[in-house]
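Below you'll find only one chain, the form predicted on its own, shown as structure tokens.
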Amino acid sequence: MKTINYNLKTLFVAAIAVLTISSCTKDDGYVELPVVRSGYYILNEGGFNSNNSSMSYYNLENGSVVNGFFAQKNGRGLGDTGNDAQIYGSKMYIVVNASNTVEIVDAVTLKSIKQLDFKNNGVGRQPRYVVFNKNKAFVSSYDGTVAVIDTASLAIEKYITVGPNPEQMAIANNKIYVANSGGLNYPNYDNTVSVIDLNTLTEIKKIEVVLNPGGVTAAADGRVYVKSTGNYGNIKPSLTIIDSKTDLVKSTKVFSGSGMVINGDKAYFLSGKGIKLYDMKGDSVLKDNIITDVSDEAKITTPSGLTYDFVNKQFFVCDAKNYASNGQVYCFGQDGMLRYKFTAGVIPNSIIFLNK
């Protein structure tokens, strides 16, 4: 990855700002420069209790991939079971579930800034996912809490009690929606979504959904989509839509698919070994699989993550293969044809884009 000369960069940005101001009149509108990707990270979960979680980096400028990138930059491994990673500002937050840590790194260099310990009197909280709002990071943990982290001091300020074994979270209408799976309480799964008020940082209610909710995604119009797995028996996987203005359930339907990503009024889910296209206006499936490439090169074995690049308009599917050896990452165009693929680490599950 290229090294940035901050002095030259500062001068360059200042020069551009002067030229922009001098060339604009009061009638000129503000024009935002287009976002350009330099590359992306791949979080490789690794095998549970194998302590082989890792981070890969794909360089879009030359098409090269570096596996074990975090270890190269820090002289140590990432830990056991990397579950989620997100960039916020200049930092990336990496949630490492079985190691009970949240690793905070420089988003460009990947060098560790701080490692937060997620234990309560020596017992691991098992952190799962992270979301952000203003100057706070929120981390769900299997001990039934959501941690509040100050993104300036990088200190944990408090823990908010929610439901059992919370998974993904989404923010809408100044509230956080937390899927309480109860996943460790088989067969007594939970069936609620906790609602956290972002002003008071407290849980204000629980909303009943289908059993074993895990995925939560918020749309631009304020609707919150909750994906429930069910009980693997008579209660089927389902999709519930919540109106975040009223916190009322608008609809619930039997629905298979995972890893929801939104692009405009369309949503995409991992389904089987393909990508399902869903119309959010009509609340209906448009295509069971948008992947049109039928070549052997494009065949996915064990999908373990879905990401959409809004800048380059491409889909990325992570493939865990056999869950033991290195997995692969597939890049598909909007036409459903394979653009390229490469080998990542063990159980790749997330793509995190890095801008220039």
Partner chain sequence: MYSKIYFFACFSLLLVSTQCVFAQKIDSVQKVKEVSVKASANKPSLRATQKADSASFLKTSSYNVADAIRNFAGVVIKDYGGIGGLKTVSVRSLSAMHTGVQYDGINIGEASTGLIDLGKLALDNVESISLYQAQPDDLLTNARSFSSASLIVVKTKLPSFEEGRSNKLMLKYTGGSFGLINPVIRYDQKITKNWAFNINSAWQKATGDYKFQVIGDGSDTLSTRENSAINAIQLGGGVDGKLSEKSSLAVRVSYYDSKRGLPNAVIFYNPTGSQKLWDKDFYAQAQYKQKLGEDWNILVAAKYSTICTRYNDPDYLNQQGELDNRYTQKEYYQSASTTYSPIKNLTFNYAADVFFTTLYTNLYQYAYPTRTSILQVLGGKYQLNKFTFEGNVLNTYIKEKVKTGKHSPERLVFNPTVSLGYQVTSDVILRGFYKNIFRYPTFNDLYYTNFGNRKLNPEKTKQYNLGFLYDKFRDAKLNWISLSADVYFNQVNDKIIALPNKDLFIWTMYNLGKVNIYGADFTSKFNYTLNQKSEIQANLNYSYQLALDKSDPTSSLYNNHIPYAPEHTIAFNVGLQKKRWGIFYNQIFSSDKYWFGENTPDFLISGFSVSDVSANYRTKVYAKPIMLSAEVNNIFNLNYDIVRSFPMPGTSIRLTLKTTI
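Positions refer to the first chain, counted from 1. Only a predicted model underlies this, so the values are computations on that prediction, with no experimental measurement involved.
As for the form predicted in complex with the partner chain, it is not shown, yet the points below apply to it.
- Under a 4.5 angstroms non-hydrogen atom cutoff, the partner chain in the model of the complex has Tyr142 among its neighbouring residues.
- Residue contact check for Asp80: one or more of its heavy atoms lie within 4.5 Å of the partner chain in the model of the complex.
- Although the partner is absent here, Tyr323 is a contact residue: one of its heavy atoms lies within 4.5 angstroms of the partner chain in the model of the complex.
- Of the heavy atoms in Pro164, some are within 4.5 Å of the partner chain in the model of the complex.
- Only one of 169-177, 281-289, 229-237, 152-160 places residue heavy atoms within 4.5 angstroms of the partner chain in the model of the complex, namely 229-237.
- None of Gln72, Gln115, Thr252, Asn133 but one reaches within 4.5 angstroms of the partner chain in the model of the complex through a heavy atom, and that residue is Gln115.
- Though the partner chain is absent from this view, in the model of the complex it lies within 4.5 Å of a heavy atom of just one residue from Gln86, Thr217, Asn100, Thr192, which is Asn100.
- In the model of the complex, the partner chain lies within 4.5 angstroms of at least one heavy atom of each of the following residues of 186-204: Tyr186, Pro187, in sequence order.
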